[in-house]
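First comes one chain, alone, set out as structure tokens in the form predicted alone.
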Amino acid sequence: MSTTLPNAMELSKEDWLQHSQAKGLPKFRANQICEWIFDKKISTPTEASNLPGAIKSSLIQDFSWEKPKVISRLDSEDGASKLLLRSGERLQTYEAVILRYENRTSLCVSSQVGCKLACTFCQTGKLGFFRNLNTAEIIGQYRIAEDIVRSEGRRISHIVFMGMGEPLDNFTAVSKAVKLLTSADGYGLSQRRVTVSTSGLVPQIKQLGVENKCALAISLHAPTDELRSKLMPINRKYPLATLKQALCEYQAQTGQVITIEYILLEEQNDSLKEAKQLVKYLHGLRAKINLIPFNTHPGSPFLRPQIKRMESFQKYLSTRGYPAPIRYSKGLGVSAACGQLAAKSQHNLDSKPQRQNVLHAQ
């Protein structure tokens, strides 16, 4: 983060074994360190009660234990909490969202500050791109959220890379974070409960299938190249046929059902015509579809469809064998819903996205 020291939160068990060996420490010390970090989730070596003082001092000297700072927290009545975060002395802010449900607690993490892809319906894309988050900053979002929900008798059970940024545009840091989160020697979350969402970066989808077996979600939002290119410029580089080939390869490598994210935009992509085209496109893939009513925000030309149109769209998909629940986003009241993340604090929730939104100091 703000220091040149390696951050303890981005190291794997293998890294800790190598470090202990280099320090002349027995293997069991590396195992102890991993237990304190991954299982007990300490914030500083001083909390590791069974480590000798000399080892604690060395860990403090050799590594950064810094986590992102919570600049503000906004709680919604529906159980969502939006965390506005900053790393070290950097001015840029980014967001993570805790989503509480009856039987699970999910965390939506950011992978970048801003985004390069400029999808027309997304506030983050209107900010432009600032920088990639590193692995420690991504894991730090999880660690902060765990501290918050643990005090409520909960734990983070699901993680979705659906916050600010395009995860696969920051492939190295995201892939390493996913491995730490899902490894039995790391934080131990189920691979099926860690989902990486992408707008369709084909080479990275293929690479992800080789390196990880996490769940994959595709921000599709349109079933034809003409419409998708209009909504999502990335489609001009990786059109639908190319994307589908990569999805078939990913499914063959991982065995995972692929989630299709489809934001419903009034009279843009919500007719029965598009529903039929979507079914045709998905033929041959094992997929489930999340239908997301558009979440309105300042400056957007799009509207949320009428309920009848959404239900008609959903019914067609379900009768063709595709589970297609309508997902009403949590956190609407604090600008934390799908498509609304733009690093906003309380005083500018209702403003249009601007670059200064991510540069304010509080």
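When you see a residue number, it is the position in the sequence shown, counting from 1. All values reported here derive from a predicted model rather than from experimental measurement.
Keep in mind the form predicted together with a small molecule is missing from the figure; the text below concerns it.
Taking the partner from the other structure, the small molecule in the model of the complex has a heavy atom within 4.5 Å of a heavy atom of His221. Using a 4.5 Å cutoff between non-hydrogen atoms, Cys122 counts as a contact of the small molecule in the model of the complex.
At the 4.5 Å threshold, heavy atoms of Leu181 stay clear of the small molecule in the model of the complex, well away from it.
Contact check for Ile289: no non-hydrogen atom falls within 4.5 Å of the small molecule in the model of the complex. The contact residue chosen from Ser81, Ser175, Ser106, Ser197 relative to the small molecule in the model of the complex is Ser197, the criterion being a non-hydrogen atom within 4.5 angstroms. Only one of Met162, Leu208, Ala275, Ala136 lies close to the small molecule in the model of the complex, with a heavy atom inside 4.5 Å, and it is Met162. Only one segment in the set 259 to 267, 280 to 288, 85 to 93, 238 to 246 has residues whose heavy atoms sit within 4.5 Å of the small molecule in the model of the complex; it is 259 to 267.
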